[in-house]
Every structure is written in structure tokens, then in C-alpha cells.
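In the C-alpha cells that follow, the same protein chain appears in two forms, which are kept apart as structure 1 and structure 2.
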Structure 1
């Protein structure tokens, strides 16, 4: 009798699978060429890793398969990004999008394509504070924290170190500018002085004028809101060379092993913070990344989580449609519910299918607040003996 029942149950699930299973498509809409192509080279695979994991498990929506389709945002050219998003949504008919990456093209694609078509976008790396208040019909989410949050973190850390005066330089784009303004605002409000807040253009050979200006303004610490493989590193190098500054604060774009590797022990005593957690998730994800053949670099955890959240929300909504899943995305990301780590997506999907609740923790300990953006957990680092070491979490 028992055997018959099991057989019947199996048969029922099997038939259910064939009845409702569909081929779900998710767009991976990142800047595969252009300004941040070196970061995207790892972010793309990270998002695809989550998608493949779910597809193989067969646990999503009665055994649906999930495939990814890539689209290039170019990071800067909004016309090209719009065309690419148009192709993803209207031609490839993706159900939701992981992306975009840079804030400018993300806004263009959201307003010109995703909103008219009612498609959900979950960005892993657009950090502009402006995106918090943008009109989005509830379609836009991000697993990256807003720069407004990082400004508070930077100000706190500087104050704890007893720094009274800083010089500030930023990469001249919406990321750098937004972050610099946020830092200046928070730090000044907490009583500190910003002697200079100057832009630097990425991709130049010579930063001696910029460093001369920063040095002339002076300050105990130079905050470099730039990119590690771009002007940011060159600014630090030139500052060290000319003796303009000895200590640097490194925001998220500057935290990476390649910096102390390139500059050696000269950098000792500098510190900073980048999104990250001490959760198990980050460690598990790093292993998965190595196995998957890519680096767990900046924004890769967020990319994985963005894709995972979309699929969990689909399961919770019982539909692959953006209009339905957008209602559930915040629910699956936040408590209450069973905690879900990277690599456990199938488990999460199953709990949801059985009517339970999940609290997706993922690789970046994601917690969505406000209009659907990450609350932001930061890992504090310092450079000691020419090595990057973690000194705490906040």
C-alpha cells in the first residue's frame, strides 16, 4: 500500500512537472565591453553560476529550466545599452534581468525599456544614490548598497581613527562623484574638514598635476574614491613617489589584493572598507567561484545574489512573470524564514514550493531595505606588511 502511494505521489509530481514546466530566460545585462570590462569578466559568470545551479536542480516552478542571455551595457553608452536591453526583452523575451552595472546606463535601460515592458531589473553594482528615489513601478532592485550608506561608514572609520582633516579625490563618473559627495557630507557633519574634493579622470598617463593639487591642499589622509585598476592606483603611486601623502583611505572600488602587490610595503598603515560579510556565505561563494573558474572579485557576490533572488521570487510568486515576482522579491530576501546560503538555492526553492518562507542570506548577506536596495554590510581592512588584512566588520 505504502509503495503504491509513493509511486502515485512520484507519478503526480512527474506529471506536474511536464504540465507547468517552462523554459525561463534571465538576461545578464552587464558591461562586457567598456570601462569596467575587467570587473564584468567575473560578474557575468557569477550571475550565470546561480542560474545554472537552479536550472540543474530542477526545483524551480515544477522543474522549469533556466537559461541566461547576455546583453552588453558598455557601461557608458546609453544608446547602445538601450538597444541591447530592447533586444533582451523584446527579442529574446527574458523574464527578468540581472543588471545593469553602471548607474547611467542602468537608468536609461530601466526608464526606456524595462518599465514600458514591465520587466524586473536587479542590479548588482549600480550604487548611485539617485537610484533610491527613481520612479520604477516597483521593478528596480539592487543587491549593492547605495553610496549614501558608504559615506556614513567612511566618516565613522575616519572619526574613530581620530582624523581631523582629509583630502578627497574621486574618479570622474557617477560612482566616484556620488560617493565623494556622500563622504564629504557625512564627514563634515561629524566635524571633520575636507581640504579639497577634486576629480581625477581615469585612463590618463600622468597624474602629477592632480597630486600636486591634493598635496597643496594638504590633509592627514587621502581618500581615493576611484578604481583599483585605473586612476585610483596611479594617484596613490604618484602621491607616494612625491611624498605628498603616506596614509590612504580605500573605499570599495580600491580594496583588492592587487594594490598592495603593486605598491608593496609603502602602503602600510592605510585602511578602508568594502562591501562584505563574515558570514559563511562569502566563504562558500569564494570556493564556488574557484570551482567555477572565476575570481570572487568586487560585485561578484552581489551578481550571484541578484540572480538567486530573482529565481527565489519567481518560486514564491508561483510565476516567472516580472509583474508577479516583483511583489515577492523583498520577502525572500528578508526575514522571517529559513536562512539560505549560496549553493543551497535548491533547498530554498523547495521550502518555498512547500509553502514555507526563506530569508536569503547569499554570498553578500543581502538584506533589502527602502525601495529595494541592499542595506550594506562592510568589511573593514587595513594594509599591514604589504598585505591586505581584515580588521573587522560593520
Structure 2
């Protein structure tokens, strides 16, 4: 009789969980086409890896399944990004969004779609300083650090290498402007000279006039605050072809294997940095990425972490609704609580379900500050022998 009662109780519990389970959808809103598609080729699978991990565990909200729905930001077309976000939220009925990626399209989607619909967005790579203070109704978070922090990193690296003068070009959008301003401010305050700070437009076939102006101004290094698959790459190629510059500083939007693969050893001696860490979680994530068929490259750890934070916040809130999970996202990202690493999402969900607390460390050593953005860790890189190599962490 006792065994029968226990079995009945377990069956009743399982039935109750099944009844409460949901079909949760999370948007993966990144530039699958456009200026950084070579980076998004790995960022997208990274976010999807976390979503699949949780869905297979059955540990979220009484056994709810989680599916991901792709939306293309294009990185640079705000109208297209807004339409894509509108589809994700109103047609596909996603509960929250991983993304956007580039700052301008992220801002447009947040203001025009996410805020009116009350939908949480967690970006893995939108770095404009303006996003730190934008009105967001508590809906916007990011696992990548602001370019206010990146400007300090760029200045520090240039000074350590003894560079006294730089030329600076930036893509003419929110990301490029904010980063260029941060670089110039920090570098000049440290005693360096910026000979020219000039915008460039993406999508042009010829950048000879832009390169001529940069060359005329001069500088020991050309800092290219652009996009790896767009104007930034073209300006570097034109500079090499004409002999205008032979050494380049590569900020985050220019860091990726596709650049040295395209330009070869001509790029040797150039250097830069992008968000990254040598933490325990980063090592675990790199192994998971390899097993998942993609590379742990720039912004992939941040993409996995963005998705993970959304789902942990859902569990902490006891709800998949953005209006509720937004109140818990900072809690699960920071101490106190048991530290949770990549591959341990089911463990974190169980702790939360049992009333405990978690401190999600994840793949990028997550710590959210201020209005909900990363405190900032960077991986320093160099181009050697036609390949991108890691030279340190900051």
C-alpha cells in the first residue's frame, strides 16, 4: 500500500509539472548577414547551445521546452532590424531576445519594438557607451563591456607599445562614433596624438580617398574602428596596397580569423583586443564549442551567457514573462549564490527551483554592473604568420 501511495504521489507530481510546462521561445537576434556575419556564424550557435542545453535538461519551469527563433539584424540596417524584431515579438511570440549585436540596430529595435512590447533584450556585443544611459524601462542588458571601457584598453595597449601618434577611422554609426570618441579621449589624455579622426561609410567599392586623407595626416599606427566584413577590412586592404600604413590596431569589431585569412601575412605585426577572459568557464566553453561544431571566437562566450542569463532569470522569477524575469536578471548574474559555469545550467536551475541563489559566472566571467552591463574583460591579440593569436588578457 505504501509503495502504491508513493508511486501515485510521484505520478501526480509529474502530471502537475507537465500541466505547468510551457513552450518557451527565445529570439536569437544577430547579424546573420551583413557587416559581421563571419563573427555571427559562431555567435548564433553559441546562444543556441545554451538554449538547447536547458531545453534538454527539462529543469526550467516545471519541464518547459525552450526553442530558439532566428532574427537577422543585418548589423547596419535599422529598418530591417526593426522589422525583424517586430516579427520575433509579435508573430513568433518570443518571450525574450538574445541580441541585438551592433549598437545602432540594437538601439532601434529596443526603442521601436522591445520597449513598446515590454520584451527583455540581452545583447552579447552592442558596445556603444550611449546604451549605458538609454531609457530602457529596465529591459536592456548586455554581457559585453561598453566602449567607454574599450577606449581605456586601446589607449593602454598603444602606450605600452610606445606609440606616440595614431590615425583613426571609424564606421559612421553609433558603434563607430562612440568607440572613436572613447579612443581619442583616453589616448590624448594619456599624452598621445590623434592626427585625424575620420568617419568612413560601409558598403563602398572604393576607399582610395579615405585612405589618402588618413595617409596625409600620418601616424605610426592606423586604428580601424570598423567592421571585419565591411569598410574596415577594405580600408586596411587599400592601406596595404598603397603603402599608406603597414600596422593597424584592431578593436573588437575587427577581431576575427577571417581578416588574417583574407589578407595573409601582410597583416603581420598588427594587434588589438576584443572582449574575452582566460577564466575556468572560458576553457570549459571552448571545449563545448568544439564539440558543438563551432569555434569559441569573439563574442561567442557572451552569446552563450546572454541566453543562459535569460533562462536563469526566468527560473528565479518563476515566470517566462519579460516583465518578471527582468527583475531577477541582475540577481542571477552576481553574488551571492553558488557559482555556475558553462554546462551547469541544469544545476543552476535546480538550485533556483529549490529556493537557493546562484552567481552565474558562465563563459565570460559574468559580472553585471550599473544598469546591467559587463564590467569588462578583454583578450589581447596579435597577427603573426598570417594568423590571429592571443597574447594576453586584461
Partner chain sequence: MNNALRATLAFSFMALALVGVGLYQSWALSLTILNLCIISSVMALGVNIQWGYAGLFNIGIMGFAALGGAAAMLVSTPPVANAWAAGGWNILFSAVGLIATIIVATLVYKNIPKGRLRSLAMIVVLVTGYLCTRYFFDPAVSAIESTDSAKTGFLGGLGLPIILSWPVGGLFAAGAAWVIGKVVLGLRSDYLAIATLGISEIVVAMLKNEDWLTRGVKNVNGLPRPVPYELQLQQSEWFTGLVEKLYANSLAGLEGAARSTVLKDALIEASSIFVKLCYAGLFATVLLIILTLCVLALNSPWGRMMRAIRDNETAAEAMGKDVTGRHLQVFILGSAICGIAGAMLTTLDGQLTPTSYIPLRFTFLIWVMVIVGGSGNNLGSILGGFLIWFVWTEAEPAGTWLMTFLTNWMPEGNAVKDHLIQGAQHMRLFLMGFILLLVMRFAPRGILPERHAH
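Not measured: the values here are computed from a predicted model. Numbering follows the first chain given and starts at 1. Rigid core (definition): largest C-alpha set, two forms, superposition within 1.5 Å.
Asker: Name the structure that is the form predicted together with the partner chain; the other one isn't.
Answerer: It is the first structure that is the form predicted together with the partner chain.
Asker: My question is whether residue 370 is one of the residues whose C-alpha shifts by 2 Å or more between structure 1 and structure 2, given a fit on the rigid core.
Answerer: After core superposition, the displacement of the residue 370 C-alpha between structure 1 and structure 2 stays below 2 Å, so no.
Asker: Taking 2 Å as the cut-off, check whether the CA of residue 101 shifts that much or more between structure 1 and structure 2 after a rigid core fit.
Answerer: The answer is no, as the C-alpha of residue 101 shifts between structure 1 and structure 2 by less than 2 Å after core alignment.
Asker: Would residue 146 count as moving between structure 1 and structure 2, using a Cα shift of 2 angstroms or more after superposing the core as the test?
Answerer: Comparing forms between structure 1 and structure 2, the residue 146 CA shifts below 2 Å.
Asker: Could you tell me the distance the CA of residue 244 travels between structure 1 and structure 2 after a rigid core superposition, in angstrom?
Answerer: Residue 244 C-alpha displacement between structure 1 and structure 2, core-aligned: 8.0 Å.
Asker: What is the magnitude, in angstrom, of the C-alpha shift at residue 176 between structure 1 and structure 2 when the rigid core serves as the superposition reference?
Answerer: Residue 176 is displaced by 3.9 Å at its C-alpha.
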